[in-house]
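Here you get one chain, nothing else, as C-alpha cells; it is the form predicted on its own.
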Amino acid sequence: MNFDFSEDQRQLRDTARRALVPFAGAAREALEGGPGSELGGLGSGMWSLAGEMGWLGAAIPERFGGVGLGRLELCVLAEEFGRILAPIPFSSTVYAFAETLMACADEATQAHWLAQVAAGKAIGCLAASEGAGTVSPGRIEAALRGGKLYGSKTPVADGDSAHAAIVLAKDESGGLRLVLVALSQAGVSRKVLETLDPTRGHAELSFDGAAATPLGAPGSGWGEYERACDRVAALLAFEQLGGAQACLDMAVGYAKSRYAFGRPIGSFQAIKHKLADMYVAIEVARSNAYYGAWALEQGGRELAQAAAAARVAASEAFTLAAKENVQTHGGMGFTWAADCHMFMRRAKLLAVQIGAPGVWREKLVRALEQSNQG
C-alpha cells in the first residue's frame, strides 16, 4: 500500500508553494490588524489567488463549478496553507462547509452554494459549539421550529466573515439535524470574539427566527456532524503538519546562523536534542496524516480511526514544534518582532478546533475498540 503523493500531487504542492511566496507576511499583517482583518490587505489577495488557482474548488465536482480533483489534493494544499499560517477561512469554507454540503445536501442546494465557494464568492462555516466544553448531543439548545432557527453558537471559526453556516440544531422531533443558514438575513446577528490567534476570525452567531434549510434526514444531525468532524480532522492535520515543519525549518536555520562562544548554537547538544525531538514528532504526525489522507479519499469505516490518529499526532507535533522553536530562538523567540509566537498561537488554536486533543484521543480509543471487535 503506497501512502505517498503522486507526481502530479507533488507538482501541485510545488506550484502552491511558489504562488504563496508573496504572501509570507499576510499572517503578521492580519495579527497586527486585529480580529476581522484576516481578509484585508495580503489576506484578501491570498483569497483571490485561491479562487483563481482553483484551490477553493479542488474537490468540488466540475458540474458545480469546481475542479473535481479529490481530497488528496486538498491535503497537499492544506499543508502549504499551514506552512505560511494562511489568515484566510480556507479550512472552514472548504474542509467543513463544502465537504458537508457534498455529503448531505440536495442537488439544488449544492448547485447554489458550491459554485459560489469554488468561485471565491462565498465563505462558509460549521457551527456546533454553544460555549465552553465538549460538543455533545445533550448540550445542543439551538432549535429548528417551523423552518426557523433559534439559539446561538459560540465560538464559530470564521463566523465573523462567513456568508452561510451549517448549524447543528434540534429538530421538531427532538432529534438533531444539520441546517443551512444564510447569515446576511434578518434574524441573524454576530459578535466578533477575541482569541489567542487573531489571524483567524471567530464569532458568536445568534439566531432569532432565521430561515433555515434542513440537510440530511430527520434525526441524522449528530452522525453527520461527527462524520464532518472526521473529514475536517484529516485535512486539518495537514495544516498542522505544515505549521510544524515550518517551525522546524525556522529553528534549524536559526541554530545554524546564531553563534555563541564562537560556535553555531546548533552544535550544542541541548539544541540538537530539541531539533531531533521536533523531527521525530513531525515524522510520526506525517505518517498518521498520510493514513488519514488515504482513508479520506477511500471513505468508509476506517476514516474515523485514521482521522483521530492523524488529529492527535498532528496536534502534538505542532504544539511541540512551536514551543521548541521559541526555546531554540532563546530570548529573541519571545519577542513580538520574531515570528515564533505566531506559530505558537496557531498551534494552540488548531489544537482545540473541532474538539480538544482529549476528545480525539477518546475517539481514537473507541475506534480501535470497534476495530478489534470486528
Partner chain sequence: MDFNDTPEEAAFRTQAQAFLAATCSPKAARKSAERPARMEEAQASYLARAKAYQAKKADAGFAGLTWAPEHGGRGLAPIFSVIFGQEEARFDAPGAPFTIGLGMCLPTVIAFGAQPHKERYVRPALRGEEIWCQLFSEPAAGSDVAGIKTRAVRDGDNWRVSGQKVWTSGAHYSDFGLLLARTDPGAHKHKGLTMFFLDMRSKGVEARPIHQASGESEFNEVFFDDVVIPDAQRLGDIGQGWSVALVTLMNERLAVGGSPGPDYQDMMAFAAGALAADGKTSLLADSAFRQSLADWYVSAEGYKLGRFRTMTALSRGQAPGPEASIGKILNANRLQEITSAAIDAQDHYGVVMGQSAASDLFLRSYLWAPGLRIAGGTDEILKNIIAERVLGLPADPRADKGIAFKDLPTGA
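Bear in mind that the values here come from a model prediction, so they are computed numbers and not experimental data. Positions refer to the first chain, counted from 1.
Another form, the form predicted in complex with its partner chain, is not on view; read the next lines as being about it.
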| item | value |
| --- | --- |
| One stretch from 166-174, 115-123, 144-152, 253-261 that, in the predicted bound form, holds residues within 4.5 Å of its partner chain by heavy atom | 253-261 |
| Contact flag, V352 vs its partner chain in the predicted bound form, heavy atom cut 4.5 Å | no |
| In the predicted bound form, R361 touching its partner chain (heavy atom, 4.5 Å) | yes |
| Its partner chain contact in the predicted bound form: Y225, any heavy atom under 4.5 Å | no |
| Residue contact check: R71 to its partner chain in the predicted bound form, 4.5 Å heavy atom | no |
| Selected contact from S136, T109, S287, S189, since only one has a non-hydrogen atom within 4.5 angstroms of its partner chain in the predicted bound form | S287 |
| Residues within stretch 262-276 having a non-hydrogen atom within 4.5 Å of its partner chain in the predicted bound form | R263, P264, G266, S267, Q269, K272, H273, L275, A276 |
